[in-house]
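Let's start with one chain on its own, the form predicted on its own, as structure tokens.
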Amino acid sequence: MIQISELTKVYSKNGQIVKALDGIDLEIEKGDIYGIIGLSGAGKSSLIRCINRIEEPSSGRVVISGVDITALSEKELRKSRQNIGMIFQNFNLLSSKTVYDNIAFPLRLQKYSEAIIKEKVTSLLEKVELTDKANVYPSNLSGGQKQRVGIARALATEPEILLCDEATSALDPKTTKQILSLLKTLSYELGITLVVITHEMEVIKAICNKVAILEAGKIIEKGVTAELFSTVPTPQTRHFLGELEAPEFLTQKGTRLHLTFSNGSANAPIISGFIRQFPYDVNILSGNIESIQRQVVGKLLIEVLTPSEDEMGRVIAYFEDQHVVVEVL
């Protein structure tokens, strides 16, 4: 669906060269809800805007459904963009137009008849649950309602791809959850591929089946979301994937192990099995279990008191046999 190869974006700012994207390689398959996460300045917005050439890449290729959009003329690009919808952090609605007219706007640009426009807009209003707001102006809408209008407008041309640039960062947690649920539902119902730019890992966990972590214009990690959370974070990814820490007031008495449960092991009674098998005291210092894309992912920080390194080796082997990833701290 989307193949990005050696994508680079360079800006000139105050006489200095700033490389926002540095050789990005990424493949997004049809039907993916693909999250791209990074801190401020990582290059997230530059990447998503290069996908539809709102920003011109400095080099590299973006191929969408077999078409290299970086090689298209302006006329060809305008036609290609009809297949790519986009929603924004600050909604970008036309304040002088009603909800109905905001959604109808891209359709009128494409010279659809008013009869077809009415049919499409009415259907979209139902999909985003704003039928009763058709004649209301944006200033009278809540943030969540404004974003629903933005989503409906982006879907008006029936795109195969929807780009979401920090679409929930201006919303409160409850509204964020509602908008994410709506996006996930629309993706499945309409068969739309979503590319989700965010700085919030909770957004990734909620709807993205795959994720790429961006730092200083480079992808430092990518893969299936649930699998990524079932591995030990690298020093570069700890900020995003998180790690458990023991309370500061606890003094260390034994060897601390950070356990990451994978392959269904989070559902198994592994700690009780350990206690039955080994005569060593074990303290549970911290833990977390959650469901990510219908897969249970768990992390546990424990402290084991053993008499020797050889015995600790047996302990680690036990956990690894249970499909638990072990990191000795």
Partner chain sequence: MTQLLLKASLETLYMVFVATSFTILFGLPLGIVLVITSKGHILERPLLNCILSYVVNMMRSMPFIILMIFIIPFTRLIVGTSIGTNAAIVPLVVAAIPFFARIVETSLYEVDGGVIEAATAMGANQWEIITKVMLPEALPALILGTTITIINLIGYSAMAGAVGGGGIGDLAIRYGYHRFQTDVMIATIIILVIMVQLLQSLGNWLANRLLVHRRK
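What you see is a predicted model; the values in this text were computed from it and never measured. Residue numbers count along the first chain shown, from 1.
The form predicted together with its partner chain exists for this protein as well; it is not shown, and the discussion that follows is about that form.
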Taking heavy atoms only, is P159 within 4.5 angstroms of its partner chain in the predicted bound form? no
L94 near its partner chain in the predicted bound form, any heavy atom under 4.5 Å? yes
Would D132 show up as a contact with its partner chain in the predicted bound form if we use heavy atoms at 4.5 Å? no
If we define contact as a non-hydrogen atom of the residue within 4.5 angstroms of the partner, is R153 a contact of its partner chain in the predicted bound form? yes
Of these, S73, S113, T251, S139, which has a heavy atom no more than 4.5 Å from its partner chain in the predicted bound form? S139
The one residue among S181, S169, Q82, Q236 placing a heavy atom within 4.5 Å of its partner chain in the predicted bound form is Q82
When its partner chain is placed as it is in the predicted bound form, which of 192 to 200, 240 to 248, 221 to 229, 103 to 111 ends up with heavy atoms within 4.5 Å of it? 103 to 111
Using the arrangement in the predicted bound form, list in sequence order the residues of 27 to 49 with any heavy atom within 4.5 angstroms of its partner chain. R49
